[in-house]
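Next up: just one chain, as structure tokens, the form predicted on its own.
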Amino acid sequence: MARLTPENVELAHRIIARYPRPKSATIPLCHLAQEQDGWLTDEAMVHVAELVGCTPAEVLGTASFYEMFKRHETGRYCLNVCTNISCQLLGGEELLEHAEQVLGVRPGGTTSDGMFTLEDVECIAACTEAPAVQVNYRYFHRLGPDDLDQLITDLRSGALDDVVPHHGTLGRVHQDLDGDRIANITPPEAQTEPVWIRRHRELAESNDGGAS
């Protein structure tokens, strides 16, 4: 699969309608494309560009900034092992080495069966739960080698399908808003200052005037 399916094109138009300018939907549509195929293809980026009215280069420039967008085929499960300071001190590097041995790939590699892509990652904001691992960005905490072995076994068997969807799926439920429930989708130049900001500014100006 390369371009978005007809069903996803319909969803893409609903997503675009939530924004004051179509180009603002670039990131959500990239996520939609990655959910469809498991990674972000060149053809999908061209399609996203057509939908939001920009160039494919602009879509690439946006997507390439974010690590979560994979521009090459990945395994069904992206296994991220944190080796930053907290996890490192509590065995993160040893856990990564163990994962390399069990899966038979180095960080950045994908197993021959297409099940796992292994990554050595920086802090994943779970320092109190070190050593921490993410599988398709779902957290697993305080793992030792035996725990990691069991995690890999459960993923292979499908025992965690309800917990960890295939790579690219951020959420199982898509937000869907009717047109009359979408707030503030006018262009920025047509938007008025929110009341709470105006009141805060007026109060600040009043206080400054009293102090002088």
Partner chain sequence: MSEPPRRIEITEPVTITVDGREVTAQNGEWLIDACERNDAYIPRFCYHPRMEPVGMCRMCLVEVDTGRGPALQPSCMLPVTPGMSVDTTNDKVAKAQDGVLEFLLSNHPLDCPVCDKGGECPLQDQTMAYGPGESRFVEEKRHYEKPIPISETVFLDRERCILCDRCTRFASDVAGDPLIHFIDRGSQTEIATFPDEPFASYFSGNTVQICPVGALTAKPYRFRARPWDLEEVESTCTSCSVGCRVTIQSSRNQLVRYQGVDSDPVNWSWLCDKGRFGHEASNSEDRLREPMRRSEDGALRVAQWSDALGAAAAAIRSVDPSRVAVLGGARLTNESQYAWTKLAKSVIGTDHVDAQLGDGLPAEVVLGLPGASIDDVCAKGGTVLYLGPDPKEELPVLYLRLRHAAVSDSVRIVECSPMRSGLSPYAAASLQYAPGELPALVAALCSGDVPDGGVAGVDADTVRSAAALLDGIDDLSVVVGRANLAETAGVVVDAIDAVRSARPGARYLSALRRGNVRGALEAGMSPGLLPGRTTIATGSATWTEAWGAVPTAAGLDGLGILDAAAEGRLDVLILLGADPLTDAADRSLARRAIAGAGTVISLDSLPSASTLQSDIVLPVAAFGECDGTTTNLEGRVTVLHQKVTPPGTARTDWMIAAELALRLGGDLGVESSQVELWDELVKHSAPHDGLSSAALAAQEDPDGLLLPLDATIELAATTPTNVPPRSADSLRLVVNRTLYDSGSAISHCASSAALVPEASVRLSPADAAAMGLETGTFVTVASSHGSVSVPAVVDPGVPGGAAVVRHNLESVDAGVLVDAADPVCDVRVELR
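The structure presented is a predicted model; accordingly, all values stated were derived computationally and were not measured. Positions refer to the first chain, counted from 1.
Omitted here: the form predicted in complex with the partner chain. The next part is about that form.
- At a distance of at most 4.5 angstroms from the partner chain in the predicted bound form, all three residues Val46, Thr55 and Ser64 contribute at least one non-hydrogen atom.
- Using a 4.5 angstroms threshold between heavy atoms, Arg106 stays clear of the partner chain in the predicted bound form.
- Mapping the unseen interface onto this chain, Asp42 counts among the residues with a heavy atom inside 4.5 Å of the partner chain in the predicted bound form.
- None of the heavy atoms of Leu51 is located within 4.5 Å of the partner chain in the predicted bound form.
- Among heavy atoms of His72, none comes within 4.5 Å of the partner chain in the predicted bound form.
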